[in-house]
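Next up: a single chain in structure tokens, the form predicted alone.
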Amino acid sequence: MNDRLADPQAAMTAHLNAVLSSQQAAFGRDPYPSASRRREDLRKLKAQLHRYQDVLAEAMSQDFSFRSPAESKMLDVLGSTLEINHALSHLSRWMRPSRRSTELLFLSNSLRVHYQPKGVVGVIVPWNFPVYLTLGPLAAAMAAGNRVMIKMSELTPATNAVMRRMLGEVFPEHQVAVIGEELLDPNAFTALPFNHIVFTGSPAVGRIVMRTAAENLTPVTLELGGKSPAVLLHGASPHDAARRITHGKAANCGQICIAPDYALVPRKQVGEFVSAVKESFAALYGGSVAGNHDYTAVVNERHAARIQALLDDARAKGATVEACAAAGAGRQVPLHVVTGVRPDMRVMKEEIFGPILPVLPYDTLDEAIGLVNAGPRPLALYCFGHDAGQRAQVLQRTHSGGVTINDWGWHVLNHDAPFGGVGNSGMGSYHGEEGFRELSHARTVFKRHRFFPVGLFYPPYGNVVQRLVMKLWLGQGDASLRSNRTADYSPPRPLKGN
């Protein structure tokens, strides 16, 4: 036993199982917390978030080597606050049993759906928005009445420490537990028999999470990513679209799962659009990003090297790469625009997740839609233009997790609507009511009226009521379709002695 616990991984696995057991036991003692209890917990969470907002911003900046404090507060802290506020405002209605209509056959009986907490929810958090993507799922899980175990990224140790302290001050470990970089094997977390897992990350890791969770038949919500297109319609203003796409591509240095991945631009407007992107970046961040207090760094050297490798591959294959500002020391990499793109380039085969914007020309809207549909379904799609007919074509003929029209990303910060992917970009959704439903068990409750004559449907079959019901609902079958074997069927004779 001592030898086993001397192994750090074995000790951590034992700790994970102990925490899970304590949360399961606590849930067993209190399986349906009241609305007032849940609201109290959400208020505690919100109060702690506001108390710790500056400390969290500092910790995230430390983890990134530099992260814009304004972006940290606007996207991580404000985004989490909006989600908690929405849950506080609507929780009582979400918890209320939903009345449903019985089939006409069962008229006068009662049919309702009750929303039960699932139990213990595992939340797996990526490094790019370590606060919002922790507290958003946490708020949804708490609103649904669950206990929560959180696995944070090994790339954000400073943020993990603050989050552990912040949540530990108001929630016991049997209600909310935080695990971070000390977990050497992330599979040890996903292998736990949770009642639900929420994972945010890459499609490649999402497949691993889903496989591991399948061993326990644990349901999963996967928020992944993909190559989210920005489509400029014919007649759209390239300057307005460029400014908004530039902001979406430069915020958090492009390290956002819903960032515009590439732009589809009418061929005649490509040059104007590229110039407008460079002008927009200069207007937002100046001529150099080095030391810019508003511009976030690439998270670490490995990811910076990956971004450089994508650019080198594009250049080697004939693309034109233009930096929107001067690079400086450190990892504050400016936005790069890539034209002359080919399908075999890495920038068109991989999710970029950084400050690179490939620009692809197109001639007809059918061609643009075909280019979008040629790849896996993305997490987001952005459509720029005021022609309602063209917009309708894009919306009807493409699939994506969500859409923002004439801007980028803001559909995610509106918490009365679901956020989720489709296909390669994820499954399931959370935020708002959909998040509450996702992390609750919808339990159907049918109550038979005391005098309802359900016995009329019991054997022996063939009474008048049964024949009438079958006639009214099913009509007459086609007798010519019956096989001779079916028509001549008779039950087997019982064996002697039975």
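Note that residue numbering follows the sequence shown and begins at 1. Treat the numbers as computed from the prediction; the structure is a model and nothing was measured.
Same protein, other form: the form predicted in complex with a small molecule, not shown, and the subject of what follows.
For the options 199, 194, 273, 295, the residue carrying a heavy atom within 4.5 angstroms of the small molecule in the predicted bound form is 199. This chain is displayed alone, yet in the predicted bound form one of 385, 126, 409, 79 has a heavy atom within 4.5 Å of the small molecule; that residue is 126. Contact check for 133, 226 and 419: all three have a heavy atom within 4.5 Å of the small molecule in the predicted bound form.
Taking the partner from the other structure, the small molecule in the predicted bound form has no heavy atom within 4.5 Å of any heavy atom of residue 428. Within this chain, residue 208 lines the site of the small molecule in the predicted bound form, having a heavy atom no more than 4.5 Å away. With a 4.5 Å cutoff on heavy atoms, residue 353 counts as touching the small molecule in the predicted bound form.
For residue 375, no non-hydrogen atom is located within 4.5 Å of the small molecule in the predicted bound form, even though that partner is not displayed. This chain is displayed without the small molecule, yet in the predicted bound form the stretch 185-193 from 241-249, 312-320, 140-148, 185-193 comes within 4.5 Å of it by heavy atoms.
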